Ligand code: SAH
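Take a look at this single chain, the form predicted on its own, given in structure tokens.
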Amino acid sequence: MLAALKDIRKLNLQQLQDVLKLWHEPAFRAAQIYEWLWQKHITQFEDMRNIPKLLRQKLQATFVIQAVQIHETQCSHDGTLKCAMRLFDNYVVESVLIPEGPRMTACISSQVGCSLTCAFCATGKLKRMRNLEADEIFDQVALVNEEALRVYKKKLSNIVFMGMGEPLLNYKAVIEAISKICSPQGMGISPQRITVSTAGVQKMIKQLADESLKVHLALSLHAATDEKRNTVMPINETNSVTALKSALQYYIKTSGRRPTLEYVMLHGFNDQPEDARDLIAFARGLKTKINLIEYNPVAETGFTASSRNRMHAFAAQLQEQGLICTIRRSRGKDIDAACGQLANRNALAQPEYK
């Protein structure tokens, strides 16, 4: 019976108004209900305190709220929190809270698993079971914000779509979730504090540029030639380095925003002087910045992290050519919460993953 009920959060405000009009309820009730759902993030109709009891009962008989719940939380020695999020159908995704000075950053998942099979990534070893719905993405942000307030007494300041899955392969839900997150009727977070990271879906990079959302874009490049990138990122076979550079050029021209190139440093694979020269050639003519990322070990990949000396030498080579370059240190690696490590190892994982 319950499974047949529609999740009320699948309705937009106009659709909710239409339902209440059919029920002969005052028009202002829709705005009240909408506020409870998105701004106050309630998960039970009975918690809507300014809604009459009979209307709450009717809502409960007609709709359901398929809320995401925190199944398990782990804390790293550096203060990073990893939250295993249980979805209504018992799938699990992971979200991460990264505290850094005044910044509270939520790393959010967009899919259950991933279909891209990047060779160095733990999530890439999982199957993609399904896309997340917009409300499930929103719930992750709201729940991580609650954890930030509970543990650090601070609200979220930033959101990065760098968790499980490829955001641009769940484009519609991600854009809808961002709209809800940024709305004054939602969480009211500025889009300029949100970064969408992609492994490189050139068609959708261009579509994101056309949205005029003012969110930031990060491209997980990791190798600047087709020969190398094909070996670790199969998506490159249909989204070549040349195509991605063209998409970034379009993004920069259309949005006026500066994208980030993410480059995980893999010992002996992409960290040599010739690799830096390839990256310099790729970045030439692009108004971009580069994050060099410390690799977080993942079992059975065969990859190890570049040394700090090699990372600094690589960064210096880029900077000598006038490129903006930052070395990004790992956070939460002791609890498998760092970049590329999310794989539901400690949560009660879905049997389909095994």
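All values derive from a computational prediction rather than experimental measurement. In this text, residue numbers run from 1 along the sequence as written.
The following text describes the form predicted together with this ligand, which does not appear among the structures shown.
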{"query": "This ligand in the predicted complex reached by all of Phe161, Ser197 and Val264, non-hydrogen atom within 4.5 Å", "finding": "yes"}
{"query": "One residue of Gln32, Gln39, Asn296, Gln317 in contact with this ligand, assessed in the predicted complex (non-hydrogen atom, 4.5 angstroms)", "finding": "Asn296"}
{"query": "This ligand: the contacting residue among Val174, Leu208, Leu126, Cys121 in the predicted complex [heavy atom, 4.5 Å]", "finding": "Cys121"}
{"query": "Candidate stretches 176-184, 161-169, 279-287, 129-137 - the one whose heavy atoms come within 4.5 Å of this ligand in the predicted complex", "finding": "161-169"}
{"query": "Touches this ligand in the predicted complex: Thr80 (any heavy atom, 4.5 Å)", "finding": "no"}
{"query": "Close approach of Thr105 to this ligand in the predicted complex, 4.5 Å, heavy atom", "finding": "no"}
{"query": "Residue contact check: Asn236 to this ligand in the predicted complex, 4.5 Å heavy atom", "finding": "no"}
{"query": "Residue contact check: Asn270 to this ligand in the predicted complex, 4.5 Å heavy atom", "finding": "no"}
